[in-house]
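Coming up is one lone chain in structure tokens, specifically the form predicted alone.
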């Protein structure tokens, strides 16, 4: 099964939430706005899919301003714009949603990616998938097992490293995660490895300690390798919906994010949560996941996502 087919299947619950609630999307835009119940149903469907009230109002207004055409097509264009940070929306409008600007930039700005998120979102597994993704594209990769507070995390990452042929910098259980990050960044620099993925703790005994620990990890990486980590990516479980978004805001306030990875989209009818993630954090979604296999994590493409959501074929360029 291809990635697009897996994505379509994974978004089935969200697709049913929107199309099943909004009713017919095949009518013309002008006709839809003469029927108040159609627009109200569409608003309810988007909110129920976790798109959020503010974004829903903007989407409805974008549809209203569209120059005629099919309601579903206008909705797809409006959703695609919402899934891009402000800086890229103007580019999309100017170029008419050209395929060459759709895919998020997943080439890291530097050499170190610090991966953060609460326990249970699949952070360690996601790091392994990212490692495989970049290796298949010619990058040399290392892991740093910085989640020393969860005994199984280091072991899990070590198993993945052995399986993928990726070197893993380990620390002792309960040890200083910042020390592991420092060693990893130093080793990457001395070896000339292209990319270091740093796992981090997802839970300490209170949120303040967790955030302070993440800041410390960030500082020591910069000491070992000035200018790094160039990327801080948050792993977020789509199933958690608005609760996950609130978590993301707290992380962003403490350790400014450069991207978000959304996992488990196949397990929720609230895939619309991607919209407020982009809208409220102002950072791009880098990767999305719809399953447990390595190939089930792929770079995020807003047009591809929206077309898969509505089960519409992507035109061949």
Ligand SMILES: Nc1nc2c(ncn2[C@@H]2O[C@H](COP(=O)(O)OP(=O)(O)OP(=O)(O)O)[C@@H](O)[C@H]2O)c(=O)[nH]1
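Numbering follows the first chain given and starts at 1. Computed from a prediction, not measured in an experiment: that's the story for all the values here.
Another form exists, predicted together with the ligand; not displayed. Remarks below refer to it.
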**Asked** Ok, 83, 142, 112, 121: which has a heavy atom sitting within 4.5 Å of the ligand in the predicted complex?
**Response** 121
**Request:** Would you kindly say which of 264, 270, 286, 279 lies with a heavy atom within 4.5 Å of the ligand in the predicted complex?
**Result:** 264
**Request:** Using the partner position in the predicted complex, report whether residue 170 sits within 4.5 Å of the ligand, counting heavy atoms only.
**Result:** no
**Request:** Considering only heavy atoms, tell me if residue 77 and the ligand come within 4.5 Å of each other in the predicted complex.
**Result:** no
**Asked** Any chance residue 40 has a heavy atom within 4.5 Å of the ligand in the predicted complex?
**Response** no
**Asked** residue 129 near the ligand in the predicted complex, any heavy atom under 4.5 Å?
**Response** yes
**Asked** For the spot marked by 150, 156 and 291, is every residue within 4.5 Å of the ligand in the predicted complex through some heavy atom?
**Response** yes
**Request:** Sort through 130 to 138, 212 to 220, 113 to 121, 69 to 77 and report the only stretch with a non-hydrogen atom within 4.5 Å of the ligand in the predicted complex.
**Result:** 113 to 121
